[in-house]
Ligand SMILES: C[S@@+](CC[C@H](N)C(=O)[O-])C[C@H]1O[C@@H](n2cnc3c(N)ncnc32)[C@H](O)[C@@H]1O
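We begin with a single chain expressed as structure tokens, specifically the form predicted alone.
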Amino acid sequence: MDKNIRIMETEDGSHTLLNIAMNETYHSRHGALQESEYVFIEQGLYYWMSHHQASPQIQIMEVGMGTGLNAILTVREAMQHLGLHFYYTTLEPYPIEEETAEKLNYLRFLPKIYTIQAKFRELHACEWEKDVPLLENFTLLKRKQKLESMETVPCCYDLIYFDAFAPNKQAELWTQEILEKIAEMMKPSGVFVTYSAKGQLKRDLKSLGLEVETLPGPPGKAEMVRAVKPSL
């Protein structure tokens, strides 16, 4: 196990990782599972689905695969929405070791069925830079790449899970230049969600023409942000 990474339990009983060198956790100390469920699934995925009920597919990009928690929660949703095909691209330039992933306790909180339990292990073990069909309606593409160096593909993604480390720890991912790149890659009516609610973030997103909402945050955090790209 990476000596700079330590597993720690958050207030809702679920694990997160502490990057000792950065003194930063991968999820909220107030509850890793609660944060991911609320920010990315409820305020991101469910919001998009409620506005695109007739769509046969969704393209999701996650910035920061980390522990794989957001990904496995989305796999769970795919198992419940078989008429929707999920294409899930996740960026992670510094993947955690499989040994570390095996020690995370997320399976305790997921449905007690073999498929989803096995898929958590598979999403960490499967090849990078290759489309992997985790389910008949869930295709995973892991990219060991920084967002800064990723080729910009205009109007590609329906939903962005922006789960980078905090602006004071990973400032290079919160610049207007990076946000402009993300906005360009979002489809019209595409949705961007993040746990952060920094004033500068909201101003930058608004300056790029996105419709920005400040929402109540997950437990332990006052606010979060959702931004929507106007439809054509």
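Since the model is a prediction, treat every value here as computed from it, not as a measurement. Residue numbers here begin at 1 and follow the sequence given.
The form predicted together with the named molecule is left out here; the points below concern that form.
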Task: 4.5 angstroms heavy atom contact with the named molecule in the model of the complex for residue 38 - done: no
Open item on the list: Against the named molecule in the model of the complex, would residue 61 count as a contact residue? Criterion: heavy atoms within 4.5 Å.
Closed with: no
Open item on the list: Test of understanding: in the model of the complex, would residue 26 fall inside 4.5 Å of the named molecule by heavy atoms?
Closed with: yes
Task: Partner proximity in the model of the complex: residue 67 to the named molecule, non-hydrogen atom cutoff 4.5 Å - done: yes
Task: Region of this chain that lies against the named molecule in the model of the complex, out of 76-84, 147-155, 130-138, 110-118 [heavy atom, 4.5 Å] - done: 147-155
- [ ] State the residue from 201, 191, 173, 183 whose non-hydrogen atoms include one within 4.5 Å of the named molecule in the model of the complex.
- [x] 173
Task: Contacts with the named molecule in the model of the complex - residues in 159-180 whose heavy atoms fall within 4.5 Å - done: 163, 164, 165, 170, 173
